[in-house]
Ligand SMILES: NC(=O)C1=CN([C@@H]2O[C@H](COP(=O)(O)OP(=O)(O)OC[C@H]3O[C@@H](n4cnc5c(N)ncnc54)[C@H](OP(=O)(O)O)[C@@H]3O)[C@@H](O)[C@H]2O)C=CC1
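The form predicted on its own is given below as one chain in structure tokens.
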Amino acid sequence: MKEILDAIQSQSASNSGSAAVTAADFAALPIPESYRAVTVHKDETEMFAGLSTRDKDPRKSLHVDDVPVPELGPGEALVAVMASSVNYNSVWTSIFEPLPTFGFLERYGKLSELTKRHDLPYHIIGSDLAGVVLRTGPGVNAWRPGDEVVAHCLSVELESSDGHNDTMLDPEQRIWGFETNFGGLAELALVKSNQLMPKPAHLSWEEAAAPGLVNSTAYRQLVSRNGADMKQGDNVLIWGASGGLGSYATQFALAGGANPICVVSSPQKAEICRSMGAEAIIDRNAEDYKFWKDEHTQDPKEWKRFGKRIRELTGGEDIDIVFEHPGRETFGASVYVTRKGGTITTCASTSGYMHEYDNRYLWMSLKRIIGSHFANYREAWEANRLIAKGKIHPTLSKTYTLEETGQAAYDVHRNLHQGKVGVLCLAPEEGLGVRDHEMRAKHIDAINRFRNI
């Protein structure tokens, strides 16, 4: 692994005037027999039996193991991972909710001889990466060894016509590193080559790895025609507006001329939203909103109080679009406060999947609920392009070592983080991998926004 890291570091030096490292040099690098990776184990899926979701501790279930390098197949690429990040699906995997991911791997393993590789007694997790291509399989023409890349997490087969208009509708659509093996929280990763995208040149490895999943998810859910199709002037209610997903929705709303109404849970998180340019902010804890009287009963009076507060911030207008991802805890309120003919887009359901709402406020006011999941190929490219052009910025707040991934997942699980948390894989330290220093200087305050609060 040292030879690989040395070559990547030499490539960085070549951009400063040293001799260039060629694709042939990278292709000639020996691939080790094994590598370090963050895993969950199939024989430990019952370790949290009887515990509440909150009490399940990712630090106990996530391991850093030496694992064999998988066989490279047609249309695939082996990538040296310099950095990755933790998403909520990393948390779900680590606490085996809503069910262990090994069922996904077993089903995928039955698809073909090649996919059998994924059905293992361990699951290498992680749905983001920034790194360097080491090898490409047969049929890969767009990428070559030495290319600096990020990867989106959409894995599809595209053998059915169902996915040809929108790749997210492919019957064999999966999320890499969650529903497939060989994910990005590791020193090496196996991806389909069509997951690869150019690494933004002005960002470090850890900054480039952070946006992937959440940035693309927010783009489809809010901006794309497959989601809310946001337009200028829309009032957009964004739950968790300073978090890993909400922070990108807030940026998209501001960049697109919409009016984000940012819901947060602390003064510190409110300040982050202000630093992004948002003005309408609701601190739900400070204003003590309690949408549920008890575990089974919601409180419509609280919905109305919430709606009144929104109108105070919008000049009397209701919400055009709700960017919904908490799920059960907030969904009834989200449906209520949306204007007549408005849209609630939903994903994730981090507070619970069984949503309850009063259908009278949906049906009689002609509101729409749109389910949104990750992004198709084009949407992922568009979202990455906006990062590369400096229109949208990473929301990285902190990085961990690969060995500390359990703590990183714990912090996300317990909502102790801001924005996104990164993980250094092969990168020995932060700040490496920047190629365009001039562009970086123009955006350095925005790049560091979540680190400085």
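Quick caveat, the model's predicted, so the values are computed rather than measured. So that there is no doubt, residue numbering starts at 1 and follows the sequence shown.
Beyond the structure shown, there is the form predicted together with the ligand, which is absent from this document and is the topic of what follows.
Open item on the list: Only one of 347, 82, 105, 228 gets a heavy atom within 4.5 Å of the ligand in the predicted complex. Which one?
Closed with: By the 4.5 Å heavy-atom cutoff, the listed residue in contact is 347.
query: Among 150, 125, 333, 213, which has at least one heavy atom within 4.5 Å of the ligand in the predicted complex?
result: The residue in contact is 213.
> At 4.5 angstroms, heavy atoms only, are 240, 263 and 329 all close to the ligand in the predicted complex?
Replying inline: Per the other structure, all of 240, 263 and 329 touch the ligand.
Problem set entry | Among 307-315, 232-240, 187-195, 140-148, the region lying within 4.5 Å of the ligand in the predicted complex by heavy atom distance | That would be stretch 232-240.
Under a 4.5 Å heavy atom criterion, is residue 94 part of the interface with the ligand in the predicted complex?
Flag for residue 94 set to no.
Hey, in the predicted complex, is residue 88 touching the ligand, heavy atoms inside 4.5 Å?
Residue 88: yes, in contact with the ligand in the predicted complex.
Does at least one non-hydrogen atom of residue 202 fall within 4.5 angstroms of the ligand in the predicted complex?
No, residue 202 sits far enough from the ligand in the predicted complex that none of its heavy atoms falls within 4.5 Å.
Discussion item. Taking the ligand as it sits in the predicted complex, is residue 56 in contact with it (heavy atom to heavy atom, 4.5 Å or less)?
Written reply: Looking in the predicted complex, residue contacts with the ligand do not include residue 56, since no heavy atom lies within 4.5 Å.
Using a 4.5 Å heavy atom cutoff, which residues in 361-375 contact the ligand in the predicted complex? It's fine if the answer is none.
Read in sequence order, the residues that approach the ligand (within 4.5 Å, in the predicted complex) are 372, 373, 374.
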